[in-house]
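Before any questions on how it binds or moves, here is one chain, the form predicted on its own, in structure tokens.
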């Protein structure tokens, strides 16, 4: 995208004279190889019809936690039993409004991150700095941006123009949540889908910028391995801990270390997405752990300086840092923490104040300056702090345990309902093992230590960590750093097998780290599907937790499996903002493999993906509003998402009714006739209670109307095999997915035929339609049955 800029030294007429005029006028798009599609720069209304097609198949199911609406100053309105609030809103609309609000917050968070980062990188490298996410192997560098906006960005400056559009749409979406606007729950849901689509554009911009300007791995399936885990941190050195999502300040810390020859003298470790992106910048950095390990790492006292930027940072991080005498540096205006802004102060003065303990923390909004201060302060406080933490020793734990009254208050507030009183009872007798057994299931929220919870004010989170010292020392794993985009070459290789169903599915496993059980559950689930030759993609905290698991050969899954986007490959794309590489791979299959037009052609591409690309997302540790908007971006593309037990707290699901035959017809684009294809996929958004339930659903939700008989047979084989393993019986809905005898897995033929006979199954007359949900895509009108 280009803007016309002109400069006039002197312009004179009869009535005016202008000198030194310089101005920018409008904007125009550079011509690219594809003509514009039907929907460039879509607004909230553009895809309303497409959303309603999906929402008619997958009707919203609401689970309100509260019968009241408290959003406006009219006071609390009771919406129970069909009642409406003072503004006229009913419960369904209120619940969907909350979904929209959550998605808009998530999208705004990523877009804000993108804006801040792009501005910083433009100021450092210039607006003409070229984008490069994979050289000649990635010619479709920005699938979401091209698909939604019609813009083919070429430089950092172009990304600012895309963000203008993203920010405008988010503003409109947020305004729809105001009292006295939308009143229909389905239209609220459509707007939530719009927020998700916009979010994937905003995230894509963010990752494009940092991959290009900070020279991250570029679509590299063999990106380097780095250390992950608290046990991998060398505590004999000064340690700088970075937390958050905005990587430029962390990169500046490493630059200062490298310039001073200190990269081997100081440990630079991170938590959450800043850690992931920092390891994309330098493989000398280490990942301490995911979001849920924040409290335990800070309280351990290992970090000599803590540097925070934005998102997923504990709001009490300053209080926690003070407890272990670790100075805190905030590098972002979104996270002042009440600290003085000392960006303009002399560096020597700031360093002296922090090293001498006169200042517990500062704000420095200049990345390079923050980098220098962090390094110098770490070296200055290291000999003074002596890694002083507040994690209790064994003898202290036993003493604390004797004070436990077993009132169960801690267990009741725990999101995972961990049996803390039982473990404390054992600890009082000198047995710390039950406390240590809770280590992997504790998500580090600290609710058990909340004011008024424990009558004796026991610090239970620290007690669990203290009982797990030996485990923590052994936390040394390997994770492959985020590779960024999926290359066009890979898409050409696997596009056919995915669409035909011969690669049984693409799994995207993402999300935050508040798991309902062990953090190893993610890895256990995907290891099963890697062995079954699915393609597994991942990002964010899920990506690092997958690395914190060793298989029976003592290898992390990143060491055991290829990083290629291919059958049996485990693809770490990067941080949260790398999620569009996963959804973008589906877009690229439609564009590159199937040669569907990409430019501003969202509806047709989404229709293609929904009916042909067997993909499913899993967010096992869902938590933030960002997770909502990320999931919503997948929904609008017609890709199902499974969430774990905590996912029910999103308060709604998008469920299909497999018993309603009329919901499962597509249009055969060759004839225009309506064809029954079965519930494929059955749901668009569903929460499950166990990983076994999720593992059974995954192959089932990868079934698509377009599957070849061979592909359908492979998918059914995985679905039935896992169902029999975990439920001990054949599924009760096989007849809905078998279209023709050739679909039946050969090794299960007799069993399945018996069931089909019992169910009165009949072979489909059109087992392999050219499926679409869009009448305008029919190439030949039929006999009136659906064209």
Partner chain sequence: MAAEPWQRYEVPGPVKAAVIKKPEMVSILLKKAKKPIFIVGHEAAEIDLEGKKPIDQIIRIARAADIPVVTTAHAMAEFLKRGFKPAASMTSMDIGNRLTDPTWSVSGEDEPHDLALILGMTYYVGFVIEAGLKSFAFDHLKTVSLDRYYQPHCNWSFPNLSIEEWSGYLTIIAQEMENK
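All of these numbers come straight from a predicted model, not from anything done at the bench. Residue numbers count along the first chain shown, from 1.
As for the form predicted in complex with its partner chain, it is not shown, yet the points below apply to it.
**Student:** Within 4.5 Å, heavy atoms only, one stretch in 64-72, 48-56, 741-749, 34-42 touches its partner chain in the predicted bound form. Which?
**Tutor:** Stretch 64-72 is the one.
**Student:** Looking at its partner chain in the predicted bound form, is some heavy atom of each of 125, 281 and 347 within 4.5 Å of it?
**Tutor:** Not one of the three qualifies.
**Student:** Can you pick the one in 556, 687, 709, 436 that has a heavy atom within 4.5 Å of its partner chain in the predicted bound form?
**Tutor:** None of the others qualify; the residue that does is 687.
**Student:** Looking at 99, 695, 523, 79, which is the one with a non-hydrogen atom within 4.5 Å of its partner chain in the predicted bound form?
**Tutor:** After the contact test, the surviving option is 79.
**Student:** Mark residue 727 yes when one of its heavy atoms lies within 4.5 Å of a heavy atom of its partner chain in the predicted bound form, and no otherwise.
**Tutor:** Residue 727 belongs to the contact set for its partner chain.
**Student:** Taking 4.5 angstroms as the cut-off for heavy atoms, does residue 222 touch its partner chain in the predicted bound form?
**Tutor:** Residue-level check for residue 222: no, no contact with its partner chain.
**Student:** Is there a non-hydrogen atom of residue 415 within 4.5 angstroms of a non-hydrogen atom of its partner chain in the predicted bound form?
**Tutor:** Because a heavy atom of residue 415 falls inside 4.5 Å of its partner chain in the predicted bound form, the answer is yes.
**Student:** Can you work out whether residue 356 and its partner chain are in contact in the predicted bound form, taking contact to mean some heavy atom pair no more than 4.5 Å apart?
**Tutor:** No.
**Student:** Need the contact residues for 126-155: heavy atom within 4.5 Å of its partner chain in the predicted bound form, sequence order, or none if there are none.
**Tutor:** None of them.
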